[in-house]
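Before any questions on how it binds or moves, here is one chain, the form predicted alone, in structure tokens.
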């Protein structure tokens, strides 16, 4: 039982990290809270499904194309939807939230609500690890999560584009004085965040059906993890994913599966009430702002 808890708790934590990575990256690099994140996740799943079933493309090729297409969609969202209201935080939230809901409900409207929509696993089969049976797709998820964390760290610390994005996020006025264009940086971060949402979908969705309500669930999960860890902190994202992931597995196993959802919703409320900046966040607390 302990081995089962540890292994599936880790897998669930990496699922949460992948689900939240695009949302956290976009906010951390551009300051835009992209509430269309869940809509992009769901849309990428249906794009991959349509490429496989309507165009007959191989699954792996369809998934790669989907990641590219979703990244372009994210960049266009910034250019068309966010750029006109850039700097007005409430307008950014409302516009991205409305767009995300529209994307999700569009697929409900056209009838993508049955159990027929699934993506094939990248690797079929399962293996026993210390007596616990786990399918290869879940191991793929863990591998993708670790690989992405390494790649993103290298990108943001050792490439010109990554350093420019970090500079913009730390001090926009100084970055502007050095010739870094803020709209370019924000559009790039939106595109990357959308592409990461698609990567998460390609890894996670083969575990089950593509459900419309998943778009809303992914957004809430991303919010709970990033709020808990701190919106600007990668380390906080990892720690928050581990805490929420293991807590969800614990409550689902020992209390009841219906309580798993309560965990991440409670995390949002409690953290905002006790420590609004999150565990590793750098935002100032109320007493420091007044």
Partner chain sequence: MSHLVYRKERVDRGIKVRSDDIFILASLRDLSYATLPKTLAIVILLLFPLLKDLVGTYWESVLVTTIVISLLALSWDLLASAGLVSLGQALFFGVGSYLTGWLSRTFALTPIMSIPLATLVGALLTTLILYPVLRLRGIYFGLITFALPLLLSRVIEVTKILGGTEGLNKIPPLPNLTTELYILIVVLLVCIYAYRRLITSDYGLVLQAVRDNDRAVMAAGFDIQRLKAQAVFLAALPATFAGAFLTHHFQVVGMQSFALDYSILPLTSVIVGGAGTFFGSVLGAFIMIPLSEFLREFASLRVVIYSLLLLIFAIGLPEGIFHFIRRRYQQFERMTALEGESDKRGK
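Residue numbers count along the first chain shown, from 1. The shown structure was predicted, so the numbers you read here are calculated from the model rather than taken from an experiment.
Not pictured, yet referred to below: the form predicted together with its partner chain.
Visitor: Among 193-201, 143-151, 94-102, 123-131, which stretch has residues whose heavy atoms lie within 4.5 Å of its partner chain in the predicted complex?
Guide: Partner-contacting stretch among the options: 94-102.
Visitor: Looking at 50, 265, 235, 65, which has any heavy atom no more than 4.5 Å from its partner chain in the predicted complex?
Guide: The residue in contact is 265.
Visitor: Select from the listed residues 57, 239, 33, 69 the one whose heavy atoms reach within 4.5 Å of its partner chain in the predicted complex.
Guide: Of 57, 239, 33, 69, the residue with a heavy atom within 4.5 Å of its partner chain in the predicted complex is 33.
Visitor: Closest heavy atom of residue 261 to its partner chain in the predicted complex, within 4.5 Å or not?
Guide: Residue 261: contacts its partner chain in the predicted complex.
Visitor: May I ask you to state whether residue 81 is within 4.5 Å of its partner chain in the predicted complex, using heavy atom distances?
Guide: Yes, residue 81 sits close enough to its partner chain in the predicted complex that at least one of its heavy atoms falls within 4.5 Å.
Visitor: Would residue 220 count as touching its partner chain in the predicted complex under a 4.5 Å heavy atom rule?
Guide: Close contact exists here: in the predicted complex, residue 220 approaches its partner chain to within 4.5 Å, heavy atoms only.
Visitor: Might residue 227 be said to contact its partner chain in the predicted complex, defining contact as any heavy atom within 4.5 Å?
Guide: Contact check for residue 227: yes, within 4.5 Å of its partner chain in the predicted complex.
Visitor: Using a 4.5 Å cut-off on heavy atoms, which residues of 107-137 contact its partner chain in the predicted complex?
Guide: The stretch 107-137, when checked against its partner chain in the predicted complex, contributes 108, 109 at the 4.5 Å heavy-atom cut-off.
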